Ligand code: RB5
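What follows is a single chain, given as C-alpha cells, in the form predicted on its own.
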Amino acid sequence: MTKLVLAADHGGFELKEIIKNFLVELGGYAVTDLGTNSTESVDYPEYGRKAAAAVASGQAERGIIFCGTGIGISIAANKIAGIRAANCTSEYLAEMSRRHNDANILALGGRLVEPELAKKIVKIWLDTPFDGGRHERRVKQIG
C-alpha cells in the first residue's frame, strides 16, 4: 500500500477533501491528512513544510498539497531538502513531472483546477513512473 500525505491551506481545503475521498475510492493508498480542516484562513507555508517533511523523512512515499493556486505551497515544500514539488494544472504536466522530474509532491490549486480535472491529474501523477536515464542525472543536480 502506497503511503501518501495530504496537506492544504484554506484555499485548497475543499479540493483536498475531494481528492482524499477519490484516493479512498481508488484503493491501494494509505492516506494521512495533515490538515487544514476547514476554510478558515491559515498560512500555507506551515502545511507545505509539514507535507514535505513527511515525504523527506520517509513517513510517506509521496504527497499531494493544495492552496488557492498551488504556487505558494509548492514553493514552501520545495525548501525542504529532497523534495521535488510540481504545481500541475494539466494532465500533461502531471505526467512530465513524474517522467522527467521524479516529482515526489504534487501541488494543486483549489481555485484553479476543477475537481474532475484534479482527479485525472492525480491518477496520472500516481500511475506514471520516473523514466530515469538521462533524467536521473538532472534530478540529482537539483538535489
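So that there is no doubt, residue numbering starts at 1 and follows the sequence shown. Values in this document were obtained by computation on a predicted structure and should not be read as measured data.
The discussion below concerns the form predicted in complex with D-ribose, not included here.
The stretch among 94 to 102, 29 to 37, 47 to 55, 65 to 73 whose residues place heavy atoms within 4.5 Å of D-ribose in the predicted complex is 65 to 73. Shown alone here, Lys79 lies farther than 4.5 Å from D-ribose in the predicted complex, counting heavy atoms only. Remark: His10 counts among the residues lining D-ribose in the predicted complex, judged by a heavy atom distance of 4.5 Å or less. Applying a 4.5 Å heavy atom cutoff to D-ribose in the predicted complex picks out Arg111 as the lone residue from 103 to 136.
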